[in-house]
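The form predicted on its own is given below as one chain in C-alpha coordinates.
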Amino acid sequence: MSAIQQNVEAASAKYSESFTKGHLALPPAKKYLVLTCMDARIDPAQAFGIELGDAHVIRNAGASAVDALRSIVISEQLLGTTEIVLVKHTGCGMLTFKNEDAFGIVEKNLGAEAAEELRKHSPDLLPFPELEKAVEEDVAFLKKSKAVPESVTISGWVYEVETGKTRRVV
(Lines give C-alpha, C1' and ligand atoms only; values in the text may rest on other atoms or scores of the structure.)
Protein backbone atom coordinates (compact mmCIF):
# COMPACT_ATOMS: atom_id res chain seq x y z
CA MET A 1 0.00 0.00 0.00
CA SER A 2 1.39 3.40 -0.95
CA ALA A 3 1.93 6.21 1.54
CA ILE A 4 -0.99 8.09 -0.02
CA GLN A 5 -3.30 5.09 0.44
CA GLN A 6 -2.14 4.68 4.03
CA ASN A 7 -2.93 8.34 4.65
CA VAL A 8 -6.43 7.93 3.18
CA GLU A 9 -7.06 4.93 5.38
CA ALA A 10 -5.80 6.65 8.55
CA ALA A 11 -7.64 9.90 7.85
CA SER A 12 -10.86 7.98 7.16
CA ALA A 13 -10.58 6.09 10.43
CA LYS A 14 -10.02 9.31 12.37
CA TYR A 15 -12.81 11.20 10.54
CA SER A 16 -15.36 8.43 11.03
CA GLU A 17 -14.73 8.28 14.80
CA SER A 18 -16.59 11.57 15.33
CA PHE A 19 -18.75 11.62 12.18
CA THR A 20 -22.35 12.61 12.95
CA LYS A 21 -23.69 13.72 9.56
CA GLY A 22 -24.91 10.40 8.18
CA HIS A 23 -28.51 11.62 8.40
CA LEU A 24 -28.13 14.36 5.78
CA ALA A 25 -30.48 14.19 2.80
CA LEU A 26 -29.23 13.41 -0.70
CA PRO A 27 -30.28 16.75 -2.28
CA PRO A 28 -28.15 19.71 -1.20
CA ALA A 29 -29.91 21.60 1.60
CA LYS A 30 -29.20 25.07 0.18
CA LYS A 31 -30.08 24.05 -3.40
CA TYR A 32 -26.96 25.34 -5.13
CA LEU A 33 -23.86 24.01 -6.77
CA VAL A 34 -20.34 25.33 -7.00
CA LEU A 35 -18.31 24.62 -10.11
CA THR A 36 -14.62 25.19 -9.49
CA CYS A 37 -11.23 23.98 -10.61
CA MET A 38 -9.57 20.78 -9.45
CA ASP A 39 -6.51 22.81 -8.41
CA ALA A 40 -5.17 21.52 -5.09
CA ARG A 41 -4.76 25.07 -3.76
CA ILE A 42 -8.55 25.55 -3.57
CA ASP A 43 -10.51 24.29 -0.56
CA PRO A 44 -14.09 25.00 -1.71
CA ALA A 45 -15.69 24.32 1.67
CA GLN A 46 -13.40 26.74 3.48
CA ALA A 47 -13.05 29.36 0.74
CA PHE A 48 -16.74 29.55 -0.16
CA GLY A 49 -18.40 28.75 3.19
CA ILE A 50 -19.88 25.40 2.26
CA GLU A 51 -20.97 23.15 5.11
CA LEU A 52 -21.41 19.41 4.58
CA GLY A 53 -24.77 18.81 2.93
CA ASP A 54 -25.24 22.42 1.74
CA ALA A 55 -24.21 22.24 -1.92
CA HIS A 56 -22.86 20.12 -4.71
CA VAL A 57 -19.24 20.84 -5.58
CA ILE A 58 -18.21 20.00 -9.13
CA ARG A 59 -14.49 20.15 -9.88
CA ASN A 60 -12.67 19.79 -13.16
CA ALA A 61 -9.65 21.26 -14.91
CA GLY A 62 -10.33 24.98 -15.30
CA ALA A 63 -13.84 24.92 -13.81
CA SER A 64 -15.19 24.29 -17.30
CA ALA A 65 -18.96 24.65 -17.66
CA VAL A 66 -18.84 22.65 -20.90
CA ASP A 67 -17.07 19.77 -19.16
CA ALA A 68 -19.41 19.96 -16.15
CA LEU A 69 -22.72 20.15 -17.99
CA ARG A 70 -23.60 16.49 -17.34
CA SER A 71 -23.14 16.93 -13.59
CA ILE A 72 -24.94 20.29 -13.62
CA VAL A 73 -27.99 18.75 -15.29
CA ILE A 74 -28.05 15.87 -12.80
CA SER A 75 -27.70 18.30 -9.89
CA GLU A 76 -30.56 20.49 -11.12
CA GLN A 77 -32.97 18.05 -12.70
CA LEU A 78 -32.60 15.11 -10.34
CA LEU A 79 -31.52 16.77 -7.09
CA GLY A 80 -33.18 20.17 -7.16
CA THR A 81 -30.42 22.75 -7.25
CA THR A 82 -31.48 26.19 -8.47
CA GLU A 83 -28.26 28.21 -8.47
CA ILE A 84 -24.78 27.87 -9.99
CA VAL A 85 -21.70 29.58 -8.59
CA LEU A 86 -18.88 29.22 -11.13
CA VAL A 87 -15.40 29.94 -9.71
CA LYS A 88 -12.21 29.96 -11.77
CA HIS A 89 -8.90 31.06 -10.23
CA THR A 90 -5.68 32.96 -10.70
CA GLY A 91 -2.63 30.95 -11.66
CA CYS A 92 -4.73 28.27 -13.36
CA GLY A 93 -2.84 25.71 -15.41
CA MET A 94 -5.47 26.04 -18.16
CA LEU A 95 -4.00 29.49 -18.89
CA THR A 96 -0.62 27.98 -19.73
CA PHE A 97 -1.14 25.83 -22.84
CA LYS A 98 -3.04 25.27 -26.06
CA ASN A 99 -4.69 22.01 -27.10
CA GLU A 100 -1.90 20.97 -29.45
CA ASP A 101 0.71 21.52 -26.70
CA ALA A 102 -1.09 19.04 -24.45
CA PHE A 103 -1.72 16.50 -27.21
CA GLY A 104 1.97 16.71 -28.13
CA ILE A 105 3.06 16.04 -24.56
CA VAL A 106 0.70 13.06 -24.30
CA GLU A 107 2.04 11.67 -27.57
CA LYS A 108 5.65 12.17 -26.46
CA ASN A 109 5.12 10.62 -23.03
CA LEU A 110 2.52 7.94 -23.73
CA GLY A 111 2.58 7.37 -27.48
CA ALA A 112 0.45 8.10 -30.50
CA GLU A 113 -2.35 5.73 -29.48
CA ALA A 114 -2.80 7.53 -26.17
CA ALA A 115 -2.89 10.92 -27.92
CA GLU A 116 -5.48 9.63 -30.41
CA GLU A 117 -7.60 8.20 -27.60
CA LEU A 118 -7.51 11.55 -25.82
CA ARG A 119 -8.40 13.40 -29.05
CA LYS A 120 -11.29 10.98 -29.61
CA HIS A 121 -12.81 11.45 -26.15
CA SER A 122 -11.72 15.05 -25.52
CA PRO A 123 -10.99 16.81 -28.80
CA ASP A 124 -10.90 20.15 -26.98
CA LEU A 125 -9.17 20.23 -23.59
CA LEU A 126 -10.78 23.64 -23.04
CA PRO A 127 -7.74 25.78 -22.19
CA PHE A 128 -8.26 29.55 -22.05
CA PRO A 129 -5.89 32.51 -22.49
CA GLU A 130 -7.78 35.14 -20.43
CA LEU A 131 -9.21 34.40 -16.97
CA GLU A 132 -12.04 36.93 -16.63
CA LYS A 133 -13.11 36.40 -20.24
CA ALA A 134 -13.25 32.64 -19.60
CA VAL A 135 -15.52 33.23 -16.58
CA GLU A 136 -17.80 35.43 -18.70
CA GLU A 137 -17.86 32.88 -21.54
CA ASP A 138 -18.71 29.97 -19.25
CA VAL A 139 -21.51 31.91 -17.56
CA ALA A 140 -22.85 32.88 -21.01
CA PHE A 141 -22.65 29.23 -22.11
CA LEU A 142 -24.74 28.15 -19.11
CA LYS A 143 -27.27 30.94 -19.59
CA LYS A 144 -27.72 30.03 -23.28
CA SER A 145 -27.85 26.27 -22.68
CA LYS A 146 -31.21 24.61 -23.26
CA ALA A 147 -30.17 22.11 -20.57
CA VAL A 148 -30.10 24.83 -17.88
CA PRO A 149 -33.48 26.41 -17.09
CA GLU A 150 -33.74 30.21 -17.31
CA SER A 151 -34.90 30.21 -13.69
CA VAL A 152 -31.44 29.06 -12.50
CA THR A 153 -29.37 31.85 -10.97
CA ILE A 154 -25.82 31.86 -12.37
CA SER A 155 -22.85 33.91 -11.23
CA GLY A 156 -19.14 33.89 -12.13
CA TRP A 157 -16.22 34.51 -9.80
CA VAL A 158 -12.42 34.45 -9.58
CA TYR A 159 -10.65 32.99 -6.56
CA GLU A 160 -7.22 34.49 -5.95
CA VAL A 161 -4.86 31.70 -4.90
CA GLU A 162 -2.37 34.32 -3.71
CA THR A 163 -4.74 35.97 -1.18
CA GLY A 164 -7.62 33.53 -0.61
CA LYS A 165 -10.12 36.20 -1.72
CA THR A 166 -12.94 35.58 -4.14
CA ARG A 167 -14.26 38.37 -6.36
CA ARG A 168 -17.34 38.47 -8.52
CA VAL A 169 -16.81 38.88 -12.28
CA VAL A 170 -20.37 38.46 -13.54
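Since the model is a prediction, treat every value here as computed from it, not as a measurement. Numbering starts at 1 and follows the sequence shown.
What follows is about the form predicted together with a further copy of the same chain, which we do not show.
The closest non-hydrogen atom of residue 121 lies within 4.5 Å of a further copy of the same chain in the predicted bound form.
In the predicted bound form, at least one heavy atom of residue 113 sits within 4.5 Å of a further copy of the same chain. In the predicted bound form, at least one heavy atom of residue 49 sits within 4.5 Å of a further copy of the same chain. a further copy of the same chain is not shown here, and in the predicted bound form it never comes within 4.5 Å of any heavy atom of residue 133.
The partner is not shown here, but in the predicted bound form the stretch 115-146 reaches within 4.5 angstroms of a further copy of the same chain through a heavy atom at 117, 118, 121, 122, 124, 125, 126, 145, 146.
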